[in-house]
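As structure tokens, one chain now follows by itself in the form predicted alone.
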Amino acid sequence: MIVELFTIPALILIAGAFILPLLPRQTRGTAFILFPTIALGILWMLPEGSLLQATLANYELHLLKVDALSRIFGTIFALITIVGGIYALHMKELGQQTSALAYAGGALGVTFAGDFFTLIVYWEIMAVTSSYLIWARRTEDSDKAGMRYILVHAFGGGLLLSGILLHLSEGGSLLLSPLAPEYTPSSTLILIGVAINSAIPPLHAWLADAYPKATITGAVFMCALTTKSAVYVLIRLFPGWDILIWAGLVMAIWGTIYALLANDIREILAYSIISQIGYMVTGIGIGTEMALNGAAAHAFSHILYKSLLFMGAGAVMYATGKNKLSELGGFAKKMPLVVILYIIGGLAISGAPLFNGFISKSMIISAVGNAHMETATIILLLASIGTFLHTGLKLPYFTWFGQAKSEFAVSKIPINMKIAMGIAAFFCVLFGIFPSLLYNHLPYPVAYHPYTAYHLVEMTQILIFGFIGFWFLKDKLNTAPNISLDLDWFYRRPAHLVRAIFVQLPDRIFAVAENIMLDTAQKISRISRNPRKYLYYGDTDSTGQPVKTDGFTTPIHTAMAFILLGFIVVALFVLI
């Protein structure tokens, strides 16, 4: 059994997180890359099916379940962990290395979980370990953002667990399988719990709050794992749920608008994550084989180009120490390779032909069109224009080109950061030119051909009109050093009231209850020393003889000890 456990790709990474502290400091970076490489090799050797079971109480857990969907998500999670490890090779902080490895292990665990209990365990591992990647930046803002992040995800995990327990109490299966599109209390709780990690509005503000404040290397892992794990669970549990169509469309537009308004380069990318996940969520809501293939393919593509974009933004921060468009500009010649690699990512996310975003995004839009949802199709096309504007044009133009807005030095970045960006860019182009490399491994057979004249003309028009629009409007785009209020304002504003009701009031109630119980215990203890003394209301009995003050303490204490022991035994019996 012990040996079989290490066929679980997730446990290889989590074991690696425990082994890293035992290794010499100089070898940890290389070892970090080794563990996901082993996991990637193993997951491709595993046959399909439920490969490992265990029993918990009356439940049979499916610790390792493999099919085409889990394999394609597991592949990209392992691959991006390798690329992220190369990007972070110069970084020697043990806490970030172990957290990132365990975090990736959690994402792989979610992917290959066959039942709800296994899923929730890995789900919580992701929440805890990813929080450290925010705190590790060690600024006041990151400390607060990390706390908000873990509270939101603890709340989401609680909803998910509550939904799972309710689902089981209703006679539902422990196995992960599509839920009937009925808004029962259990399925609603599960959906909301997953929606929080998917960053579906109005449950999305944590993403744009946390990712810009994470460490340079930590943000690369975060942009790839949490939301896409949630997308995987949505595909697994909620295909064809209509509400997801509209939720996805809101995400696509919402993320685009806020990305256009943002000034922080990683905040722009964070909001563009919300927009891109909107495409996937819409595809899941459509629920056809083509739409689900599109959602899976776009998640795969998105992880590659979004990681590349975050690596480019991280390179800017590493070289200049700045992260605001209002402070940057005019230094493209000092890091030309980074600019080129970023632009590859920008073209990929914009859906330009020959890049991987084109082969996946167009599949979702085509699936929406096949479902005869003209309004949804137009919204997704408009979001495509917005994506090109904020990530493909606004961010690189105001970051590297144009006039410098402040004085800053540009230092060299480590070669491993450039290599990692090069690998991600290579895959963005590879899958864009040879889509069958991805299509052949999607959950359902693919009969879709992205390189038709219609798709090429459509996307070329979007890019041309987007560029023309940007060129005329670039001076009006926001690059001012301000912040954009999002929906988190509504739950930050009453924070003091919520704290008073849900923290301070229960704390006082528990304090009063604790004092009452302690006082009661002290009184019982005093009485038990000589109960006869209290029966006679004084120090003498009815005959006037002095009441003995000892001789009863030991028997009474013994009797009380047996009573308490009885309570403990009964409690354990009930719990077990």
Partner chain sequence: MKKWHWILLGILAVISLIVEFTMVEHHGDYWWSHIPAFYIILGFVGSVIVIFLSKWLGKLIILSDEDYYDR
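Since this is a predicted model, take the numbers as computed values, not measurements. Residue numbers count along the first chain shown, from 1.
Unshown form predicted together with the partner chain; subsequent notes refer to it.
**Student:** In terms of non-hydrogen atoms within 4.5 angstroms, which of the given stretches 74 to 82, 152 to 160, 179 to 187, 462 to 470 touches the partner chain in the predicted complex?
**Tutor:** Answer to the contact question: 462 to 470.
**Student:** May I ask whether Glu4, Glu48 and His90 each come within 4.5 Å of the partner chain in the predicted complex, counting any non-hydrogen atom?
**Tutor:** Judged in the predicted complex, none of Glu4, Glu48 and His90 sits within 4.5 Å of the partner chain.
**Student:** Which pick from Val457, Val503, Ile415, Ala447 sits with a heavy atom within 4.5 Å of the partner chain in the predicted complex?
**Tutor:** Among Val457, Val503, Ile415, Ala447, a heavy atom within 4.5 Å of the partner chain in the predicted complex occurs only for Val457.
**Student:** Which of these residues, Val250, Leu203, Ala127, Ile385, gets a heavy atom within 4.5 Å of the partner chain in the predicted complex?
**Tutor:** It is Ile385.
**Student:** Hey, in the predicted complex, does Ile365 get a heavy atom within 4.5 angstroms of the partner chain?
**Tutor:** Heavy-atom contact with the partner chain at 4.5 Å: present for Ile365.
**Student:** Test of understanding: in the predicted complex, would Arg138 fall inside 4.5 Å of the partner chain by heavy atoms?
**Tutor:** Judged by the heavy-atom cut-off of 4.5 Å, Arg138 is well away from the partner chain in the predicted complex.
**Student:** Determine whether any heavy atom of Tyr258 comes within 4.5 Å of a heavy atom of the partner chain in the predicted complex, and answer yes or no.
**Tutor:** Contact with the partner chain, yes.
**Student:** Any of the heavy atoms of Asp488 lying within 4.5 Å of the partner chain in the predicted complex?
**Tutor:** Answer yes; at least one heavy atom of Asp488 falls within 4.5 Å of the partner chain in the predicted complex.
**Student:** In the predicted complex, which residues of 373 to 387 put a heavy atom within 4.5 Å of the partner chain?
**Tutor:** Counting only heavy atoms within 4.5 Å of the partner chain in the predicted complex, the contacting residues of 373 to 387 are Glu374, Thr377, Ile378, Leu381, Leu382, Ile385, Gly386.
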